[in-house]
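Below, in structure tokens: the form predicted alone, a single chain.
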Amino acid sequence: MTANQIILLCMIPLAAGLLTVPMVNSLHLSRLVGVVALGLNALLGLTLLLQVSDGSVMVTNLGGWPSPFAINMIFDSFSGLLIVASSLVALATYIHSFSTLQPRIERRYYHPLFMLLMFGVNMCFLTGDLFNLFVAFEIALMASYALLCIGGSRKQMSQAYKYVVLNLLASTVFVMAAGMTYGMFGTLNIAHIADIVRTLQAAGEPLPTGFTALGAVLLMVFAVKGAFFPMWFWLPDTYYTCPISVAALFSGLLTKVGVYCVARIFPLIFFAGGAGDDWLVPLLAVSACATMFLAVLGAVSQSQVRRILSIHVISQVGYMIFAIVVMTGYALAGAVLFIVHNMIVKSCLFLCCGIMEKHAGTDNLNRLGGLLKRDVYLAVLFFIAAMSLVGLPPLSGFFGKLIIVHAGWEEWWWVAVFALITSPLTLLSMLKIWSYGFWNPAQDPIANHPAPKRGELRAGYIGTTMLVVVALFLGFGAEPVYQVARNAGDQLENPSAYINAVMGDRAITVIEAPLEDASDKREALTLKPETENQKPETSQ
């Protein structure tokens, strides 16, 4: 396969979204198109991931323009793993929705909106410049606004208002930060900016004024998207109100896009340039502690399954921030492994919650009970996913947490202590759902709630089982996934391969020895490499 096929990862969901618009009243046809598109996306992502498993980077320049003028689409180990995981999550939640979403809601352009969201998310993972990252964010957010309100209930509309306003504010700040970036560096290409920063540092030149402030502004934007402390307050009520398959999709993808942006951009540009070593990195470490610990306390105190799972989305993000703070290749590999695990397992738990609601008519633990006798298979699926989230060895969450805590213990031991304290509290909240929902005897009126008809939940079980199987593979077959994650961690720590793949012969040569005269240094740094003005079709 060639690098040009990277663009298919965006075009397949976009084409499926456009195709399902006129099929809005043909539910079976829309579902078939959606399943085929998402299945192809997962298969293509996996095929490309195998090609870059040796640590290589695939790049295609849209329009044939050379970097940094082209719109780059970049596929490496990091973006590849997240593309595959997001495609699997999307496919499972999409199939699950056939059992849990009402047909009248499906006819409200659910299928085109779902595909549009996947188009935006895949573009976020693949794009190589800040402006197109902003555009991809907006595409995904526009689809998420509509999916959030798709039921049309009063509760949904009131919570969607908060979500929309906050994200619009964050998007406004994002586009302003992109403008500041262009003013400082004359480019929005991430690899080009990293190349300039690296070259200035090697030559002993000062970085542009406001470099650290720019990093702080971008960090605030991504903190809102990723639900870091203290920008997390919008998430629990938002995920609590939307249809369960939509909540599962959001929990698996949207916050992870924010974390991805921090992990991709900050080690490459701002931390490499020493931005905020004295205060920005420690601030992020404090945010990681608060995100992990305070969120899990909130989860333990709740009595509704949806709210517990929603708040746990925040708590798990704290581990990912911790790994970014540590900033070694080993820690970043742990972060990549943990992100992939969390995307799969968190979505799976939401899907289990959807089936629990079908059985009992509620997710309130004070009214649930007896589900173990009613549905043993669901109890097994939920238990595996819950213990994976906790990190019980050898399930999937164990390896990512172990690597992150081990990598950060020496320098950031106090953050590691919070990470260790958070794990038993996560176990407590999962056992609370298990004991109240499955183990305790059923109470009226739940005991008399009619069981779902035979075959009614078949699609729901298929989607949930898919994610449980993937979660088990991440645990018992962790070695090959870890090798790809280790490649991703090494590339994030040492981005030379990423920069060279994007910039090619236009990369500025790093000056090994300082020049004698300052004017010579400036001249050397601004010297453009000699390249042909012709448009290359593809670079790889």
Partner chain sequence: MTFVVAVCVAIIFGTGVYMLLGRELKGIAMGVFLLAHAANLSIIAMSGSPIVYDDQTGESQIKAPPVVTADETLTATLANTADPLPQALILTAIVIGFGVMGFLLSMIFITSRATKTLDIETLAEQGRADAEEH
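Positions refer to the first chain, counted from 1. Owing to the predicted nature of the structure, the values given are computational and were not obtained by experimental measurement.
Keep in mind that the form predicted in complex with the partner chain is missing from the display, and what follows is about it.
With the partner omitted here, the residue from 149, 379, 286, 224 that has a non-hydrogen atom within 4.5 angstroms of the partner chain in the predicted bound form is 149. When the partner chain is considered in the predicted bound form, only one residue from 466, 300, 402, 142 comes within 4.5 Å through any heavy atom, namely 142. In the predicted bound form, the partner chain sits within 4.5 Å of a heavy atom belonging to residue 155. Taking the partner from elsewhere, residue 210 is found to have every heavy atom lying beyond 4.5 Å of the partner chain in the predicted bound form.
In the predicted bound form, none of the heavy atoms of residue 375 sits within 4.5 Å of a heavy atom of the partner chain. Proximity of residue 364 to the partner chain in the predicted bound form: non-hydrogen atoms within 4.5 Å are present. Taken together, the three residues 165, 168 and 180 all lie with some non-hydrogen atom within 4.5 angstroms of the partner chain in the predicted bound form. With the partner omitted here, the stretch from 74-82, 312-320, 385-393, 181-189 that lies within 4.5 Å of the partner chain by heavy atoms in the predicted bound form is 181-189. Residues of 279-308 lying near the partner chain in the predicted bound form, listed in sequence order, are 304, 307, the criterion being any heavy atom within 4.5 Å.
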